[in-house]
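Shown next as structure tokens: one chain only, the form predicted on its own.
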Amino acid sequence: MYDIVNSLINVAFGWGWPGWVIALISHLAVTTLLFVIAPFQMLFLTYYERRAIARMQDRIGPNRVGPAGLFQPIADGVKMFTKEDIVPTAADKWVHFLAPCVVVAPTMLMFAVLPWGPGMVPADLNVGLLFFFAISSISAVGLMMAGLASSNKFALLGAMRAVAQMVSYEIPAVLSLLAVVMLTGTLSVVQLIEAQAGLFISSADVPGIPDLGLGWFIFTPVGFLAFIVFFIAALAEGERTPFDIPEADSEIVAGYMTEYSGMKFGLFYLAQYVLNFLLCAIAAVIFFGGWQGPGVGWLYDRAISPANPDGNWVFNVLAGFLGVFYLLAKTYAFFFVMVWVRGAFPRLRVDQLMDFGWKFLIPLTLVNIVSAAIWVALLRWGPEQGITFTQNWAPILRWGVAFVVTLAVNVAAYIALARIFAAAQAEQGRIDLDEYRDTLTATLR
């Protein structure tokens, strides 16, 4: 953004403004865009989900307000703003008021490290991935504040479920990302995208591969398993079906949101949909190349950049539009999968949720970390690290051997863990059935 603003003001118009003014304008423009994008994403995603889930259930969905119901999210927003804000008499009013703010604020800060296109990242931190997930965990504090301050048992139970679920599934999510960090050796989100240049094979792994922006990590056994685990954990982080236990309406009314109304209730929904959008976007960035795709690299090579200060700003615009298109297309595809899962699967029980996370996903991610270590050893290590048998291999041969070995390790681990987990669940089911039978027999007597 700085390069574009400087090119327009100082080069095109020749006004000669100082650098700090250009930087200030750039940061204000980026901040304004982000704070406009987040609410509109929420409005679009609610409409998108309601229409998609309606089609799956042989319904029409919103269709009365505006053409094809397009203005329904706006009507819902107006309704939220005009509804009365009711606070329970026994509630802790200040904590009750602050809880939605504590939940929303981290989701807005997560936009800071999300790259939208080449050279289009608000803040390129060398620990951007760590910042993203460290900030996201703060919202758990707001959820607990909402449950405690409401003076309502349903709200407290929902908050405890939410915190337990978020903490439990952050572990497999982070462990799955650790495998990708091992492959690239960086926590910078921008460098993670740049490492996915290539054509089904990353050019960082095999030099000379044509760069069509398709060297995504999803095409490797390590990246594929990491993505599956991460996406399941993202469903739990975003409280999506079948992990929507914290606000299970058939059990605890609305969970931690039970005693909220009006725009406070709306803020919780804003945070939830924005978080889901960000989780889908970061999945697209880490495993599907983000803005990488055919044509983006070619356009950006001719744009204004630190490597090419004499480029043409028109190519910045074209590369930016194409990169944003690729990123949003991947992000909305993942959100559609979230909606699809909601229409296809029932809600899990709390014990099933915890068992699946701790007894299956976490061991699977630990095995994937071992696979990532094997991948790095076969592709990057040499005699200096004690690996001598691969020094005369061609890069493509090293890549092929690494692919086959890591695929075999991950498939064997999945089959073994799936059998162990299924046997444990079957045994637990028998125990539960025996307890239910004993209880029923005692009651009938």
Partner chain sequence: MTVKIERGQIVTVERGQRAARRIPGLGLLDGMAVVWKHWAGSFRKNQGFNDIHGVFTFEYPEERPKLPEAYRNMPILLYDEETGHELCTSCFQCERICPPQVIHMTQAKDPATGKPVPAVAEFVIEYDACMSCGFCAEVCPFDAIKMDHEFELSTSDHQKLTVFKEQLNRPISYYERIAPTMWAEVREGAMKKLQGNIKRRPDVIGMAPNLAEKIAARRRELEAAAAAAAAAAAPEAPAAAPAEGRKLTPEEKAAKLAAIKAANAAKKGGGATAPDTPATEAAPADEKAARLAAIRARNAAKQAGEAPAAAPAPEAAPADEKAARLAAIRAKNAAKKAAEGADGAPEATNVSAPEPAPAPPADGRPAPSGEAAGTGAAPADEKAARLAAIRAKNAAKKAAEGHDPEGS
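Positions refer to the first chain, counted from 1. The model shown is predicted, which means the values in this text are computed figures rather than measured ones.
Same protein, other form: the form predicted together with its partner chain, not shown, and the subject of what follows.
In the predicted bound form, none of the heavy atoms of A412 sits within 4.5 Å of a heavy atom of its partner chain. Residue contact check for N63: one or more of its heavy atoms lie within 4.5 Å of its partner chain in the predicted bound form.
When its partner chain is considered in the predicted bound form, W340 lines it closely, a heavy atom lying within 4.5 Å.
A residue is said to contact a partner when one of its heavy atoms sits within 4.5 Å of a partner heavy atom; L43 fails this definition for its partner chain in the predicted bound form, lying far away. Contact with its partner chain, judged by heavy atoms within 4.5 Å in the predicted bound form, is confined among 416-424, 374-382, 392-400, 31-39 to 416-424.
Interface residue among F133, F336, W298, F321 relative to its partner chain in the predicted bound form, by the heavy atom within 4.5 Å criterion: F336.
The contact with its partner chain in the predicted bound form, taken as any heavy atom within 4.5 Å, belongs to M56 out of V405, A68, I387, M56. Contacts between 344-358 and its partner chain, taken as any heavy atom within 4.5 Å in the predicted bound form, involve A344, F345.
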